[in-house]
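Next up: just one chain, as structure tokens, the form predicted on its own.
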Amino acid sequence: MSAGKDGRRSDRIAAGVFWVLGMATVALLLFIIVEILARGLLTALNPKFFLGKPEAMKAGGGILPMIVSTLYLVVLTIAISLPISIGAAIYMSEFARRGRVSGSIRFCLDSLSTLPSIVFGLFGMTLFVIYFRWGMCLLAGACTLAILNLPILLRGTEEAIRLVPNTYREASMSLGASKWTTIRKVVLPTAMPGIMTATILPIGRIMGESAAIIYTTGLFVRNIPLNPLDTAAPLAGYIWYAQSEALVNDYRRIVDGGAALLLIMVLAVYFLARYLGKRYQQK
């Protein structure tokens, strides 16, 4: 009896500790969100701010080119990295044999995902900006961020494909479908909600990344970029630029309003992706 009571007491203590840790994590996250929104929400919702052009030396500028640069960069980066990730994940989960080669590839991917983003920024500047002579542009930043997010996106996509039950594959192939037809019409549609979920984290990282883009994309523009080879200024990099240089008198307004708007954009993308994933799964 004493052993049973000790076991139940240990379970209650462990449950209490994990509950406190979980609540502390949630409270810290809520504090950060509330603090950022409290400082800059009114500025972020001002049409003159998010629809205006930035000013280089005087107060009162907006951040519309930065918002467009951020969204443009997200679309370009996902368009480059997602097809590569899906193709590599299909090979790793459906065709590659378990062994030293596949294990080495996964080890390299996990190692790349731990590198600081500034390393990728220097690599992107050396390869795309200098060697390829693209200059600072959206395409250079998108290729750099695609390399940065490729390990996370590939491993998440691979896990989503692996979670598809083998009975689906066996049922499809028993009806005469080839392996590629099974992958294309059974495995990928079933894994798509998981793939969309795995894409959320890279999108948030792209929107909030500053270290990798300050060397490849740009920090300040007054016009909306239209061409992938145009210089751009994503919002996260511009916030860092406004805070560190402090060239305008109202730089705190720009920093607080830009941070609040960036947080709203990340949350909107997150909830939109979750909503689309649930709708696709129900369909």
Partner chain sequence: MSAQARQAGIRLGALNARERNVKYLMFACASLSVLAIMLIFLFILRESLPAIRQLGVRNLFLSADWSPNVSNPEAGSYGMLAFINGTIMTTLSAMLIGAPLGIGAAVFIDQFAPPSIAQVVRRGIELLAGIPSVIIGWFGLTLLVPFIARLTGSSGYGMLAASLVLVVMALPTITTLSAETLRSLPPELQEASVAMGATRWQTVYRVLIPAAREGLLIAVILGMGRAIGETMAVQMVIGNARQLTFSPLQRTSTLTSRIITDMGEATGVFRSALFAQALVLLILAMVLIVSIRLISRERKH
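Residue numbers count along the first chain shown, from 1. Just so it is clear, the model here is predicted, and its values are computed rather than measured.
There is also a form predicted in complex with its partner chain; it is not shown, and the following applies to it.
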item	value
Contact label in the predicted bound form: Y168 to its partner chain, heavy atom within 4.5 Å	no
Contact of Y215 with its partner chain in the predicted bound form (heavy atom, 4.5 Å)	yes
Its partner chain contact at K179 in the predicted bound form, heavy atom, 4.5 Å	yes
T197: touches its partner chain in the predicted bound form, heavy atom cutoff 4.5 angstroms	no
One stretch from 223-231, 62-70, 240-248, 49-57 that, in the predicted bound form, holds residues within 4.5 Å of its partner chain by heavy atom	240-248
Proximity to its partner chain in the predicted bound form, single hit among M125, M192, V186, V75 (heavy atom within 4.5 Å)	M125
Sequence-ordered residues of 11-30 touching its partner chain in the predicted bound form, heavy atom within 4.5 Å	D11, A14, A15, F18, W19, L21, G22, M23, T25, V26, L28, L29
